[in-house]
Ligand SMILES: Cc1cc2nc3c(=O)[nH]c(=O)nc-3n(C[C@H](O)[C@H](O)[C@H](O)COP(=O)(O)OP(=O)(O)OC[C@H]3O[C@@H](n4cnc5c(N)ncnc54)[C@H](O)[C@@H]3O)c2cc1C
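Here's a solo chain for you in structure tokens, the form predicted on its own.
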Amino acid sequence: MKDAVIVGGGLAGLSAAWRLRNWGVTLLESNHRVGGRIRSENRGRYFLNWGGHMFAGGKTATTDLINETQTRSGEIPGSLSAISMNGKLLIDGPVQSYPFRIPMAMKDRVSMVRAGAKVSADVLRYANAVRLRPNESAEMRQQRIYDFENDRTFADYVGELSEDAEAMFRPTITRSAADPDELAAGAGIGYFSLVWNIGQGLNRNISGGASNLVESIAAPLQDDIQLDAKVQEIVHKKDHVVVRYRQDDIDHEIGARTVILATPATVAHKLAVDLQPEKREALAQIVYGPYVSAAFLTNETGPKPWDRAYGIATPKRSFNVVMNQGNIVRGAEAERQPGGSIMTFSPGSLARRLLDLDDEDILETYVSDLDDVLPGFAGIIEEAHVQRWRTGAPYCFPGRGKLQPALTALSGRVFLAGDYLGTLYTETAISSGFTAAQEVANILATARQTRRHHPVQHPNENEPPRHGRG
């Protein structure tokens, strides 16, 4: 019997497996690769990226994982808050000045300033409300983050906006794959807090692409990872858990003392048929938004106006942001080298317009917009690929805070992990994986100590030994 089975090989499952690597662990991943929504591929000096790309620094679980796995990383060197709108590209200057520098009609400017003033005031209130307090656990703080302005949508909170004002808000609001009329007001305010406090939160990048972190975790665990293993059911027994899965058209069953369920909430709800009713019900209410992304390798021979920007918000486009992955290389160059790498990101309603199109049609749409945002882009494309994420990112909707106690309550031998358990994307995935691994380790260590102090007495073991066959 295994000490632990981990279901799901995304960042949460891999983080849990890493912390449990000295126990008897099996990780089951339904896909042909691990990493989940972390996906990048090396291309010489550059890399293509389709999924998660920004990571937390400072005293975080992410920093611990990066250090433990000896993965190279660094601070993102370029601007995280550039914008391209109405024919104007702005890279420098405070984001609060953008409504005055982007070409727009006076009514749009007034609408933007009025709404911006309201959000600015509440960003300060948000920062005070979610600040970590002495002797407070991360779980307590996360609950307070969820509860902040969680009774209405951001669209209801901000009120009616002019067309350009609404467009300017969207790239920040939709970063979690939810539109303004879906996202909770507090979550939207939190995103502005993140954007306006540059250097806080997610500001690091993995050298050579995010998949290098995945490979650093997975390399020493290769013998414990089974790919294309589609779990069908997880069932509690008296003193263990049974996991049933299908691999290579063959049904398998594996017993384990504990299970970490590190899949999207929608999958966890389906698999864990005998979880506590309130926990299963909470899992059923988690909502994900879709997103579509594309990665472009470019072959320019000289500097480009966007070299100094990492993230460029793009209102009114088929994508809401351009991520200049080549900027990571730019930051380490003494002299500008040829080539580059660009990523586009279309969440929520933008994704829903693209999901069912052919890759060629999506790329044609993207390139048309990119050529406007980054003039001349169509002529420097060397390689381009599309990735669809139908279950893209979980988002905080009105009422989400009420679900957290049920999701985080400890009970039984099945533990949850995943980015849907918090609001910090990759940091939540990693920290929840670590937390689940610690709970599992506690159970396993206690069981081991119990076996040492109270060894099982086998039948007749106190009788004198017999000799011969008689």
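All residue numbers refer to positions in the sequence shown, first residue = 1. Every value quoted in this text rests on a predicted model; they were computed, and no experiment measured them.
Form predicted in complex with this ligand: not shown, discussed below.
Within 4.5 Å of this ligand in the predicted complex, a heavy atom is found for every one of Y291, G392 and L424. The partner is absent here; in the predicted complex, the one residue of K230, R336, R72, K88 having a heavy atom within 4.5 Å of this ligand is K230. Contact check for I443: no non-hydrogen atom falls within 4.5 Å of this ligand in the predicted complex.
In the predicted complex, none of the heavy atoms of G190 sits within 4.5 Å of a heavy atom of this ligand. This ligand is not drawn, but in the predicted complex it has no heavy atom within 4.5 Å of N67. Among residues of the shown chain, Q438 is not one whose heavy atoms approach this ligand to within 4.5 Å in the predicted complex. Heavy atoms within 4.5 Å of this ligand in the predicted complex are found in one stretch of 122-130, 259-267, 159-167, 91-99, which is 259-267. Residues of 22-43 lying near this ligand in the predicted complex, listed in sequence order, are L28, E29, S30, N31, G35, G36, R37, I38, the criterion being any heavy atom within 4.5 Å.
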